[in-house]
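Two versions of one and the same chain are coming, encoded as structure tokens; call them structure 1 and structure 2.
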Structure 1
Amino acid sequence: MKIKWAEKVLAFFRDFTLTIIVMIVTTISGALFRYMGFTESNIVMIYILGVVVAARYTNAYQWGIMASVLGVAMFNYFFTEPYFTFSAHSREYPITFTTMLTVALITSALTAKIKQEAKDSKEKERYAEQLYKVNQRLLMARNFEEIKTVIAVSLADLLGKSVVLYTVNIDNRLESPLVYQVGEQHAVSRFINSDETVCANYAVETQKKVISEKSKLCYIPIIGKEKVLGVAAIEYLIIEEMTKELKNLMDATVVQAALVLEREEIMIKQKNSEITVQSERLKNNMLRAISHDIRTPLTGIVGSASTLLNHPGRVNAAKKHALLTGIYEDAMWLIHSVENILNITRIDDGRLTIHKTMELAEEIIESVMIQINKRTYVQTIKINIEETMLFVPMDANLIVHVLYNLVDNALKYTPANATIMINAFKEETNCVFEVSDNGVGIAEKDLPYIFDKFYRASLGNIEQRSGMGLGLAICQSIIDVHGGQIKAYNSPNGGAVFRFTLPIEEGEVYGK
């Protein structure tokens, strides 16, 4: 308040001094005109010009009036007979004084009006430019957080006040506010506390302006077509004292903020709807894949079991062993498939939990081979471990599952008598596991999608049962939560190579 009062006093003395100086200069110019032989009408025009100058360069209408009165008085005093008195002998002088004062007042009023209109036009242009910039920044905002920042900064720049912006989420609840302070910095707790939250909620419920006496914040609801989308809390804002143009600009900014927030909410709802549709489509695809792939081994199990049950005396030992082997392999395939399905659902739901312990790479590979050797295969599997004491932090069960999937994949896609290599070695700060073969390799068209869910690579001429397209996707997810990397490529010598790395040094435990 003291600063504003000092500014007003300073402006008063400035305008008063300027008006006096203008009229003194005008009087001196009039004296010079009289010395040069000009008539009194020319001197009158000089005074009117002085009134125009005073009205133009002062900040209030009353200074033009003062210049008009001073001009008439000084003309009477210095340029009418008898000189240096305020009396006038000629009967024409009262008419001259009246006309001069009227013209001076009209000229002053017109000058003040033109100046005010020019000022208003400049202000409107500035406000229009600010609104355009706000619109541009809002359109360029790429997400919800950027939109909130643009709204808060725009209102703060426009009003020169600190702004606290609340937004309302899809569930109609206030989210954490964004605070943007201007000028003297205050503790955030002054703007964000339980009392202020009550004010913000009340503004949302009533859809009306709310004043907080404690924090001196004015809460203005940002209203969309169907509901309140947010609340802008502005420090020390007295709307009644704002100019009409500034109030219109603030209202336009709030309306624009409502439109953008509403647009973003609609986009979020559409995105959630699309995610739901995709999720349903994914579930349907999974059910179709499961029902299709499980039917074949179940049919084989039922057929073999039926033969053994219905014709026990006619089945010789070799045929019986073959049927039982088929039942066992089909059952193991089903168990492996169900394990993959359970793992992929845990991953999708964010429920994949890992528990790291220090494990020997050699023991992990041995665990995999114990499972592999329970089944029948016609390929040769070789193991190469460079360091017999290679300890790695990992979730043993999950890494065994990854290696089993990779070896199973190699057995599925390689011809009879192919050689499959399992390598483990240390590379800088990582342990590297590789499963390679000397088969036909991976088709170039399959390489970019090999780790996608439900993607099945072409088997070519290999007669093996295809999987559900989940194994490699699960492998990638497990390796990712371990902080490692997995990739697939074709070896220059022929065949495919699957390689994944695990950090050797113990770090953060991943997973939820």
Structure 2
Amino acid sequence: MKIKWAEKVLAFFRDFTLTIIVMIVTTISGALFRYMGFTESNIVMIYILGVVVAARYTNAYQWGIMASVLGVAMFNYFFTEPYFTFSAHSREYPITFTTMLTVALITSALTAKIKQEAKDSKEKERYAEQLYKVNQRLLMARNFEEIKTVIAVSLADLLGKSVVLYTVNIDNRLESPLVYQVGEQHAVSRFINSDETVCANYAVETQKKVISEKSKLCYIPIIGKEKVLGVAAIEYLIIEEMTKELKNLMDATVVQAALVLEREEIMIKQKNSEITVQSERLKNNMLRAISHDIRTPLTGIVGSASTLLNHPGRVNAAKKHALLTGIYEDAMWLIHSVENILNITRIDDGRLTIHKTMELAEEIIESVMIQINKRTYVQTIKINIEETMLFVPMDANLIVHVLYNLVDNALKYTPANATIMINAFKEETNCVFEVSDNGVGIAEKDLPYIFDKFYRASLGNIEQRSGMGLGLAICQSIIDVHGGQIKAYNSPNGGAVFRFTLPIEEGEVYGK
């Protein structure tokens, strides 16, 4: 306030001096005209010019009036008989003075008005430009957080005041606000506390401006088509004191903010529904595939069991054993498949929260081998762990699942005399796990699709039932949430290689 007052005084002196100087210069020019023998009317004209100049270059219309009065007075004093007095002899002078004063007043008023209009239009242009800028920045904002920041910064820039911006989420609740302070920095608790939340909520409910006595924030609701989208709280904002243009500009910014927030909310809703549709479709596909694949082993189990139940005496020991083995194997296959299905639904739901702990690579491989060794296989498995203490952050059970799937695949797709290698080693900041074999490798046409859901390799041991084509898709999802990479390729020496990496450095990607 002090500064403003000083500014006013300064402007007053500037305008005052300017007016006096202009009038003195005019009088000297008048004297020059008189000396050169010009008529009085020219001197009148030069005074009117002086008034116009004074009105043009001073900041308030009073100075034009003062210049007019001063001009007439000086003309009277210096240039009418008797000279250097305020009296005039000729009867024409009163008319001359009146006309001169009227013309001077009108001209100065007009000049002042033109100037004001120019100033107004300049201001309007500035506002329009600002609004355009705000608009531009809002359009550039790529996500919700950016939009929030742009709104808060724009309002703060526009008004030169601190802004606290609340947004309303999809569940119609206020989210924790964004504080953007201008000038003197306060503790955030001044703007965010239970009292202020009450004010913000009140503004949302009533859709009206609310002023907080404590923090001096003025809460302005950002109203969209259907609901209140947020609240912009501005410090020390007194709407009655604002110029009409500034208020319009502020309102326009708030409207812009509402539009953009609304757009963003619609987009999020749309995205969510798209995701729902997609996962719905996937679920249907999966159900179809699963019900088909499950029916086969179930038929086997039911058939074998009913044979054993209905003909207890007639089935010989060897046949009985074969039937029971069939039941056992089918059931084991179902167990493994159900495990895969469970994992993939957890991953696709986005519900899979991975719990990372530091694990030793050799312990992980050991657990996989315990599971693998429970079944019968004819191939040779070799394990090679390069480093003694290879600690890797991971969700142990999920990685065991991945490795089990890879080894299981290798056993499924390689001939009896094959050797399967499990390697673990460190490479830069990653731990690499590799499952390779010296079998026939992966068919070129299968390679690009091998990690797709429900894709099955065209070649396999015909004797064995193949999986549901989910195993590798799950492996990929699991490695993805760990922030690693998985790939499959054919080794130049023949045979397939499945390789995945896990970052050893903590903190890169955490469970989504």
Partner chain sequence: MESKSLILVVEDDRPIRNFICVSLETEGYHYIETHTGKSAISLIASHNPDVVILDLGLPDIDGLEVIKKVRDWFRAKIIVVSARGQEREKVEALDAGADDFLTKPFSIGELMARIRVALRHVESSRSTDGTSAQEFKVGGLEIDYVKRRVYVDCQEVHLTPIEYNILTLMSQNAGKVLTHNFILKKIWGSFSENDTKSLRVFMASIRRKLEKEPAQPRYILTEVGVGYRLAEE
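Computed from a predicted model, the values in this text were never measured in an experiment. Take the two forms, superpose them, and find the largest set of C-alpha atoms that agree within 1.5 Å; that set is the rigid core. When a residue number appears, read it as a position in the sequence of structure 1, where counting begins at 1.
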{"item": "Correct structure when looking for the form predicted alone", "value": "1"}
{"item": "Is_shifted Lys412 between structure 1 and structure 2 (CA, 2 Å cut-off, rigid core)", "value": "yes"}
{"item": "Phe78 C-alpha relocation of at least 2 Å between structure 1 and structure 2, rigid core basis", "value": "no"}
{"item": "Ile114: Cα shift of 2 Å or greater between structure 1 and structure 2 (core-aligned)", "value": "no"}
